[in-house]
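Okay, so here's just one chain, in structure tokens, the form predicted alone.
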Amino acid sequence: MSVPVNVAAQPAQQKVATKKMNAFKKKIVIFSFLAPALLLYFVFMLYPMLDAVRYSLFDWNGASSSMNFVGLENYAALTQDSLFLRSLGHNLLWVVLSLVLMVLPTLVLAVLISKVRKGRMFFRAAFYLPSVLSLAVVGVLWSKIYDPTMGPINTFLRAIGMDFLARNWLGEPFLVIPALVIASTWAFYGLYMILFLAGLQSIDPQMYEAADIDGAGPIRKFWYITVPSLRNTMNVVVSMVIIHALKGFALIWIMTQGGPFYMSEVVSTYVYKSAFSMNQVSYAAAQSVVLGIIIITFTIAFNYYRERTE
């Protein structure tokens, strides 16, 4: 009586074994596609990050053959470093100004360009052009624009008799960060404009037609249709603006190198000076770890908030 039962169970066991084998082969195929990218990600992203954390626990000048383990002393020193705290404050100011100057104005610009009937491609290309320029070029260009004696801004102000408004835009402590943020905004607004334009194309035109029937004006359609419909795009843009503002380096280094009197010093420029001017590589690594934690924490918190509110 037991023989027929075993015979009936064998096909079922073979079927289960075959299913497991197919699932295993499928995982192997997926892993084989992901492995090269994961390997590169580990070698060029994760390993340097982990190495930076390791360096931050030592006292090393970058050239010595020996490193002294100091634990968390570098992090404790950061809490007493007024220049680091000031640099962090400048980063936060940069974030606020970037959000104000980039998000809503860029969205309005994208909406205006989307309404253009003729020459839309020209305006898209023209406004996107600054985004393809190197930050080195942008830095040199805006340094000339802000030039206190020959720059076009002060030249124009003097020409219309408003000499009292002419300033040394990169030389006055309270003007330097707004001036740098404006230059940064000019360099990146084309990218965010393209994102908003792509988002605008996904909005159902019937929503605007229904609003027209109800007598809604352009401003009400903008606030009650366009802005809510671009919620996901807006989240992406806000995330990119904040991350860029927190890790910005090239433009500041080219235009001011953190001056005058450290008034445009941000964490990234302070990290560079600590590592390569003061030969405090471990201390610089601790600064970069703190900045990385801030950026990662913000990114996770912002995405968590976004998912909770959707």
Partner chain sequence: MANLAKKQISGQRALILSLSVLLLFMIAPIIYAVLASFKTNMEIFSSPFALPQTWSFDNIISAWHVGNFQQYFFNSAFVTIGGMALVALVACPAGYAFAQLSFRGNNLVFYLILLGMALPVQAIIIPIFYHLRGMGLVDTLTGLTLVSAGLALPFSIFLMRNTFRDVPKELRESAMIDGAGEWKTYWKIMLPLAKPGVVALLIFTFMNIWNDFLLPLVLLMSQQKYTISLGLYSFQGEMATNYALIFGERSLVWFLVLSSI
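The term rigid core refers to the most C-alpha atoms you can superpose between the two forms while keeping them within 1.5 Å. Numbering follows the first chain given and starts at 1. These figures come from a predicted structure and were not determined experimentally.
Separately, the form predicted in complex with the partner chain exists; it is not shown, and the next lines address it.
Listed stretches are 80 to 88, 216 to 224, 195 to 203, 133 to 141; the contact stretch with the partner chain in the predicted bound form is 133 to 141, by a heavy atom cutoff of 4.5 Å. Using a 4.5 angstroms limit between non-hydrogen atoms, residue 57 is distant from the partner chain in the predicted bound form.
The closest heavy atom approach of residue 164 to the partner chain in the predicted bound form falls outside 4.5 Å. Using a 4.5 angstroms limit between non-hydrogen atoms, residue 147 touches the partner chain in the predicted bound form.
The partner chain in the predicted bound form comes within 4.5 Å of a heavy atom belonging to residue 276.
For the options 70, 67, 263, 254, the one in contact with the partner chain in the predicted bound form, meaning a heavy atom within 4.5 Å, is 254. In summary, among the residues 92, 112, 210, 104, the only one with a non-hydrogen atom within 4.5 Å of the partner chain in the predicted bound form is 112. Using a 4.5 angstroms heavy atom cutoff to the partner chain in the predicted bound form, none of 23, 230 and 302 count as contacting. Residues of 110 to 134 lying near the partner chain in the predicted bound form, listed in sequence order, are 112, 113, 115, 116, 117, 118, 122, 123, 126, 127, 129, 130, 132, 133, 134, the criterion being any heavy atom within 4.5 Å. Comparing the forms between the shown form and the other one, the C-alpha position of residue 261 differs by less than 2 angstroms, with the core used for superposition. Annotation: Cα of residue 277 displaced by less than 2 Å between the shown form and the other one, core superposition.
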